[in-house]
Ligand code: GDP
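One chain comes next, on its own, written out as structure tokens in the form predicted on its own.
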Amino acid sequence: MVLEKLGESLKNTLSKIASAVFIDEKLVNELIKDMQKALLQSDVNVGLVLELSQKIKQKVLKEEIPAALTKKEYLINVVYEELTNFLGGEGHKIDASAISAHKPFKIMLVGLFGNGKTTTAGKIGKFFQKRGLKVALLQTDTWRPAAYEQLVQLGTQIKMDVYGNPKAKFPDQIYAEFAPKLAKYDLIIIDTAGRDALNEELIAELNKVNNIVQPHESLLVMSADLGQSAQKQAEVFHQTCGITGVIITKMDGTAKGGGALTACAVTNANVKFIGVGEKIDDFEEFKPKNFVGRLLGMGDIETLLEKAKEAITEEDAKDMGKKFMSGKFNMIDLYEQMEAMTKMGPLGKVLDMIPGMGQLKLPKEMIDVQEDKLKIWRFIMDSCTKAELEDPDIIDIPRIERIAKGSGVSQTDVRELLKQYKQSRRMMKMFKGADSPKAMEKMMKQFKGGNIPGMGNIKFK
């Protein structure tokens, strides 16, 4: 997960609160000290950390606790709220409705060399394409060799129209050339040239492009490894080029991500998107409330549901739900479950979005093993016949030998999948008749453990 070490430290801090008998000033000071250490290790500015600490201490020790909350609940709620505000709060978002109201909506990307601006153009294009918008990419970078070719490759990969003229010398001329064709799209992503530093030449060029394009959003693309220095860059770009927000890339590969996030939060250009991996889909809207929920192990149902909608259609979800409620379940259903999980992203990130799962502290090695198993099991299912998928009970020793040979795995792997299927089927049968909240509650009380396809049996406290 993004900022994994920070998340683990904050979860440990909350665990101390949950296990404490009394909440007194000594405990609060200890918790704040733990939080300060975790944030400083994530490259967050010392002054900001001290300011956050004072706010939490002030609220917990001096403000009146609402009657509906215990002191523990109030303390956890204060930590959650203040961390959310610390990362920028809930600012203006770019959603599909805002885009539809200003067709064609124009997002211009600016930034220095090496921050992943062109790759981000493809990622943000795909992000909105998945939300039903007609998107086009425009390359106006006349400085970097092959910038247009790179964007064309990305456009081909995500099946998106790309415009540009690699022979042109001035970016404003490129936009003017293609403006009439761009009018038919819902959203235009404009990639601009960068430099090694923000100099007068770049400022003049960006302002010239800005005047002719008149973008609805001008977003600064920065790498997370800038850490605290991101603040200065964000402020200078905001003052000279009028940026409206920031996109932070490479959040998956640096401990400085906390510094970059908080540095931007104190400017007037909040973070709007983050890149969380190398793949085209490793890109998400930055919602501080949801982000903090994941850091604290509280989950992020909103983002999980968004990913689920992308992975499985509403019709298929309803069909699967009916099967669960009826207690019917075969290998094809398990296969579809596994495919949907694969589309939603790495298993560890999906589990972090499920409330409570982040607090189980599952070893990374275990999650990695489960992801490898999912891949192997998909190969096995591809080697099964339709009859075997519909009725796995017919799979005997000779069939196991054939399937193992055909999929290039061991017979033990095949048997393990059959065992997983039987466990999942038993669980689905337990859902039969649980079609009301009362019946579901009764059933959950009978569970001594949870069962997640691909995860085996996990004991919940």
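Computed from a predicted model, the values in this text were never measured in an experiment. Quick note: we count residues from 1 along the sequence shown, nothing fancier.
The same protein also has a form predicted in complex with the named molecule, omitted here; what follows describes it.
- Contact annotation: of the candidates E278, E73, D196, E201, the single residue with a non-hydrogen atom within 4.5 angstroms of the named molecule in the predicted bound form is E278.
- Exactly one listed residue, out of K126, K117, R294, K106, brings a non-hydrogen atom to within 4.5 Å of the named molecule in the predicted bound form: K117.
- Here the chain stands by itself, but in the predicted bound form one stretch of 376 to 384, 166 to 174, 181 to 189, 109 to 117, 109 to 117, has heavy atoms within 4.5 Å of the named molecule.
- For D252, a non-hydrogen atom is located within 4.5 Å of the named molecule in the predicted bound form, even though that partner is not displayed.
- K289 falls outside the set of residues with a heavy atom inside 4.5 Å of the named molecule in the predicted bound form.
- Although the partner is absent here, R131 sits far enough away that none of its heavy atoms falls within 4.5 Å of the named molecule in the predicted bound form.
- At least one heavy atom of R144 is located within 4.5 Å of the named molecule in the predicted bound form.
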